[in-house]
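Before any questions on binding or motion, here is one chain by itself as structure tokens, the form predicted on its own.
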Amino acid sequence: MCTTRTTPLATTAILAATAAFANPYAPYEGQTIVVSWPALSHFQKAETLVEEFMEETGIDVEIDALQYLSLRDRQLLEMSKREGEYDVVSWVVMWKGEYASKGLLTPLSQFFARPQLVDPDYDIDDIADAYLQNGGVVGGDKGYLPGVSGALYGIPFGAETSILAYRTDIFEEQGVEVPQTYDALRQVMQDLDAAGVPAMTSRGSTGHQVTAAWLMHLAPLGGKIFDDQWNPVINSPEAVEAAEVLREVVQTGPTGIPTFGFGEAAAAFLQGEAAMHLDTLKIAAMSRDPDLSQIDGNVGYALHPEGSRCGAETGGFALGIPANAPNPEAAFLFIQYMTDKAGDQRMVELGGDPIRMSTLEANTEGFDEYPVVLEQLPCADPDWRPLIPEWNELNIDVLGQALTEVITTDGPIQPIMDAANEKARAIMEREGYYVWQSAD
């Protein structure tokens, strides 16, 4: 073995160099980053973790928290400038394709390629794959899924999948079993309704809320929005069946579903006005909150029922860096801190929703829904909805109108979905999705 002697002067130099690099945050101390994210519960709870980041790193953070419906317009405005204000933006998964296609985001690969920035224990493979695909990847299959041409633009934060929450006391009193299939779910809804019990709450207000409610049923029943050639298939037998289920939910559920957004639908369950809630896992934390819930202690959790396949929701938010961010390196360090293993565990302690499999596994004894979420995530569908720039129009102006007609009338569903399908195809033709087909 060869040894090298070190002079006192050399030792001093090495110690000084070691000290300089011992704190990876030191080069960015004193910088101020501006973070744009929604004024929602998970992010409000994250403010404590932000304070801890500032104390530990010396990097200052300013939060611009906006109402969800105002967030996209504000972010687009800032990210379209030559020099933007935001260093970090949090987008809902439907916006990632639009942001990336307009060149407004920085690929994260350039930061992960720099060892002085990357915590070697970060372990990105530990993040739930469905969340990472759904919230952060752009440019692969279909333009918004993984593939050899895909790139990572964001890390999930406030991500979600769907589970079934149900009233254990009502199910016991009525002698009904927890439904594992859609046939069983539809029967339970009818049985509860016959017993005078509002069966299941749901979103239902016109626009993106009623579309989200329909999508909850479309995926497990085997439906899609488009086929592999971008032809809309929202009038398929599977899509019509999903609309039939949604109509049954309204007919057997609490009064007012056609006016419900997520908040109202959740409140109906939390205030004891419905026996079931089939939507985001966020209902579990809400059920434990004494300021929101009157049913804590009487809630059970189960997998999203299956139809022809399993197909739970994917959604929520991700964190990324604008292409015009003033402080991109400090922004990356912030995102890494908020989503590493310690940060993810801290979010659990603060009442937020974890994104890592190891965090879910480590906390199964303290949270009744975590074992269900762990089992559900392999069935969470990253292609639950098409994350294309045109989705906003399809979601609100086409499906959101047609599905309102479905749940507020008793007429045949097939003609309603046929008309919506024609409108969807016209939008896709207008946007050039069939140019290459016509060139053949």
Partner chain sequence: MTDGTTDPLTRPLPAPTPRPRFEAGFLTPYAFIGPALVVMAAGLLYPVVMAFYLSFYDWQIGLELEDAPFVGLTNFGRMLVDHQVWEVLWVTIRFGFWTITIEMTLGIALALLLEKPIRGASVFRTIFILPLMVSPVVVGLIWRYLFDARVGWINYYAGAWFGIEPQIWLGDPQLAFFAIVFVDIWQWTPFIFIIVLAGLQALPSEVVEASTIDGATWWQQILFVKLPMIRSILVIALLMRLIDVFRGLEVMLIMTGGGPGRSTELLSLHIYNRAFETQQLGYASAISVLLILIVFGMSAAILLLANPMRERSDV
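Positions refer to the first chain, counted from 1. It should be emphasised that the depicted structure is a prediction, and the values quoted were computed from it without experimental measurement.
Unshown form predicted together with the partner chain; subsequent notes refer to it.
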Establish, in the predicted bound form, whether E47, E55 and T168 all lie within 4.5 Å of the partner chain, using non-hydrogen atoms for the distance. no
The partner chain in the predicted bound form has a heavy atom of only one listed residue within 4.5 Å, and of D193, D123, D296, E273 that residue is E273
Out of T259, Q251, Q174, S308, which one falls within 4.5 Å of the partner chain in the predicted bound form, going by heavy atoms? T259
If contact means a heavy atom within 4.5 Å, which one of 356-364, 281-289, 146-154, 80-88 is the stretch that engages the partner chain in the predicted bound form? 80-88
Classify Q414 as contacting or not contacting the partner chain in the predicted bound form by the rule of any non-hydrogen atom within 4.5 angstroms, answering yes or no. no
According to a 4.5 angstroms non-hydrogen atom cut-off, is L76 in contact with the partner chain in the predicted bound form? yes
Applying a 4.5 Å heavy atom distance criterion, does R72 contact the partner chain in the predicted bound form? yes
Might E393 be said to contact the partner chain in the predicted bound form, defining contact as any heavy atom within 4.5 Å? yes
Scan 393-412 and note down the residues that get a heavy atom within 4.5 Å of the partner chain in the predicted bound form; none is a fine answer too. E393, I396, D397, Q401, T404, T408
